[in-house]
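Heads up, the chain below is alone and in the form predicted alone; it's given as structure tokens.
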């Protein structure tokens, strides 16, 4: 690439990168360029929400996030909101019954097209298929790869999740070379590994449950939703929302699955005694048919009683029914770790938040800004992480533009 000068270089052409570039250009930053290591910008954005792009949530609060950034709440509260931001780009949105915000078209391509159209209108230049290896401070700005000079740089490189879509962790190396501490990046919103016979027996099934994370006897967090059983792992949105805790506590954590959260233990006990009476001549393997999918019912029965599954239900003793009820209400799974970054949606960890000021500027290197997943901040499933990308990107872009304009006056 030929030597090129810019006022602001945005490194990373994802959600936060586009938000930063557009906002910087709107605020009179001058020449703004987006640098993307892949052949095209926005690849990861196109995959979000199963191609529908769950771009925000109607109820954004700090409790849905984990972060070391001290001004996190101020950033998400101060943001105009994803619906307003995209409304200004001509993109219509709607929210579903669970508060998840989507483009009206139900297509992630519409979101990316709206961002690209606005960036093009504002004169933002895209430099793709270009990997940033170095950023060095020079008089009046920064030299990128010894070829591109920018007065300010916004790092929007993402984390390590889904590396094939652009987030390969290279941004952490750049931040570290600039003197920043990196909180160890770990997979988040990822399947949780469980080397358990029941997980293998139920491979391919989806079951509505309540899942609870425990550290010993201490309840850490509970979620309700659909759990998916796969190869030695538990998956599904409710499991993803427990995965940051699994990343933090590892094998010290366990997961309790309540297969019938609508019933308390005593109500379930009454139900099971009634079913036993009704199906006393049925084999144990069929007793729970009508409540659970057959494999689920068989696995629970096998785990609760020592009798052969071809035994009649009438052979169950009251103690057997009590053990079955207890197992249905809490089948405990030991955590054996998380799946790899290739299966993760976001990164837990990143640039230490205490080293970033309220304008998302580095406290260590003036003129360096951060936005999005590169910062130690990650949220639950449901549009929270993209909301953070828009909010932080817009603030970083505005702050960088103000920095450039102050330099012009000096």
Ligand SMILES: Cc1cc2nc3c(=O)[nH]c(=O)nc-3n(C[C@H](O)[C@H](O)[C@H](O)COP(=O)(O)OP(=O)(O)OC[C@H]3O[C@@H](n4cnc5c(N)ncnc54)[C@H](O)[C@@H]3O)c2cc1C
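Everything numeric in this text was worked out from a predicted model, so none of it was measured. Residue numbers count along the first chain shown, from 1.
Keep in mind that the form predicted in complex with the ligand is missing from the display, and what follows is about it.
Segments offered: 366-374, 66-74, 24-32, 350-358. Contacting the ligand in the predicted complex at heavy atom distances within 4.5 Å is 366-374.
The partner is absent here, but in the predicted complex a heavy atom of 170, alone among 93, 230, 170, 241, sits within 4.5 Å of the ligand. Checked against the ligand in the predicted complex, the residues 338, 272, 132, 211 give one hit for a heavy atom within 4.5 Å, which is 132. A residue is said to contact a partner when one of its heavy atoms sits within 4.5 Å of a partner heavy atom; residue 156 meets this definition for the ligand in the predicted complex. Among residues of the shown chain, residue 14 is one whose heavy atoms approach the ligand to within 4.5 Å in the predicted complex. Taking the partner from the other structure, the ligand in the predicted complex has no heavy atom within 4.5 Å of any heavy atom of residue 185. The closest non-hydrogen atom of residue 165 lies within 4.5 Å of the ligand in the predicted complex. Highlighted residues 175, 181 and 362: none comes within 4.5 Å of the ligand in the predicted complex, counting any heavy atom. Of all the residues from 324-344, the single one having a non-hydrogen atom no more than 4.5 Å from the ligand in the predicted complex is 344.
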